[in-house]
Structure formats: structure tokens, C-alpha cells
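Single chain ahead, by itself, as C-alpha cells, in the form predicted on its own.
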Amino acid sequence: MNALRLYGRYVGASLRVQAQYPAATLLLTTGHLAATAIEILGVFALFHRFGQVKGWSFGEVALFYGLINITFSIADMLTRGFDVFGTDFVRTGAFDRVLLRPRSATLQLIGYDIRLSRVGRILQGLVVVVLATNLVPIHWNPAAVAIAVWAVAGGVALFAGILVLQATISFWTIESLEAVNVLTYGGVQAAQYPLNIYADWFRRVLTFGVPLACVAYYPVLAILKRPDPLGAPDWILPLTPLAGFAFLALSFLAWRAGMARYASTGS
């Protein structure tokens, strides 16, 4: 059985389990949609009170918000195994069984739990993107659609890389550090707004440290056909999501180092 077929089996098993409790799955999905809907209402209230923020309108910021929430929701749905790695695998000794199986540990963790409830946040992000399209002149030609899909793919890779790093830390700390949430949930909050509203040092962190700007800010500028207020050349804007894949590759290098250090629980 090749890796793709095996992953399909994992996904099918996870979906069948959730189908046993359709009411609970529907309520969780609705809850995610409603909770994130409150967030965009808060953004609207901010712009309704103050108007534009450093030259950005609510419709333009809504596009940032919609794309980054779609991105994070997909990453969260596909990498649940890494998110709970310390608690569910290292501390319990379940990772020993994962290593004994003649399949990639990474593939087993990716297929550990595909949560349908995250679809609620994806749908909410899509609704906000449609809202942004009606508020600002966005021309969804094939090039713009391709940039949006490319940005989401790079963003999924970036957030997956952050969760892989979180799992890697568990080899030393057993429990995942809550500080990593600054990069996941905090990163989503930071990427919902244009980069130029932040201080210089924070812009550098979001660009060169954890490159959230590369998967949100710069691609959205390319979609809006708007020049970068910070001076980035137009030609580089569609290329920046590559940083998300580079970050994921570096995260897996750290993951391999962590696996080499793992000495089992002895259970």
C-alpha cells in the first residue's frame, strides 16, 4: 500500500468515527463558524469607529482576514497529530508503537485525526472573502485565483511547520509549550492586518523570523494590485509563499533531530 492510499485510509477512518456522532460534529462545526464570526465583527467595529487604518479599508483587511483563517483552518485540520503529540504520544508511550509500524511516523501523525469541525472556520473565511470582493474592486481572474491558492498552500505549509516544531519540543519537554500558541493563534491574529501598521522590529519578525507576512501580506498586495507601502518590488510579491515551504523543510530537519534523540518511555 503506497503512502497516498494509506493516508486515504486514515482519512476515511477518521471521518467514519465522526459520522457516528453527526449532531456533535455539526454543533462543533457551527460553533467554530460562530466563534470566528464574532472576530470579524470586532474588526468591522474597529473600522466603523476609526475609518481607514493607515490607508487600509475594512474590505481590504477582510481579504487578509479571510485568507489567513482559511489557511490556518486547513493546517489545523491536517496536522492534529503534531498538535497533540506531547500529550497523546510521548507522555503515554504511544509513539513507541508508531515507530514500530513499517510506515513513516510523519504520515501516521498527519492521518491521526482529521477534524471536520474545522470546516466551520474555513466556511467563515470563504464568506469573508466574498464580502471583501463586494467591498473592494478585486478582479478574480485566473492569475489572482492562482496567487490566492498559492498563498493558502504556502500558509498551510508554514503553520504545519510551526506545529511540527511544537511536536519536536515535546521530545525534551514532554508537554507542548503553551508559548508556541503565540506563533499559531497569535500568528493568525497578527496576519489578519497589513504589515505596515506594526512597529519595525515586529515587521522583521513576521517577515524573517516566522514568515507570516510572506503567506498573507505580500500575496494579498498582489491580488489587490496594490504597491507595497514598505517598498517591496512588485515582482517578488507572488513568490513570497515559498517561504512557508522553506520553513516547513527546516521544521522537519528539527523533527528528525528530535526523533534521533527520542529514547522511549520504557513502558
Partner chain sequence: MKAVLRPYVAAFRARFLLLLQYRVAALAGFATQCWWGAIKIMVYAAFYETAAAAAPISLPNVVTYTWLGQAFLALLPWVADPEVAMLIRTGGVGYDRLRPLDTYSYWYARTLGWIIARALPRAILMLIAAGIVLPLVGLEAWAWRPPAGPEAAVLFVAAFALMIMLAVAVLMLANVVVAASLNERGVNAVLMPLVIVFSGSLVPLDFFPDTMRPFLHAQPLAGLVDIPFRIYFANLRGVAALEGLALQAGWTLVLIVLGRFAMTRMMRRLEMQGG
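Positions refer to the first chain, counted from 1. Predicted model only: the values in this text are computed from it and were never measured.
Just so it is clear, the following notes concern the form predicted in complex with the partner chain, a form of the same protein that is not shown.
Taken together, the three residues 140, 221 and 243 all stay farther than 4.5 Å from the partner chain in the model of the complex, as judged by their closest heavy atom. Interface residue remark: residue 201 is counted as part of the site for the partner chain in the model of the complex, having a heavy atom within 4.5 Å.
When contacts are judged by a 4.5 Å heavy atom cut-off, residue 228 does not count as touching the partner chain in the model of the complex. Among heavy atoms of residue 239, none comes within 4.5 Å of the partner chain in the model of the complex.
Shown alone here, residue 24 lies within 4.5 Å of the partner chain in the model of the complex, counting heavy atoms only. The partner is not drawn, yet in the model of the complex one stretch among 142-150, 124-132, 183-191, 67-75 has residues with heavy atoms inside 4.5 Å of the partner chain: 183-191.
For the partner-free chain shown, 113, 115 of 105-134 come within 4.5 angstroms of the partner chain in the model of the complex, judged by any non-hydrogen atom.
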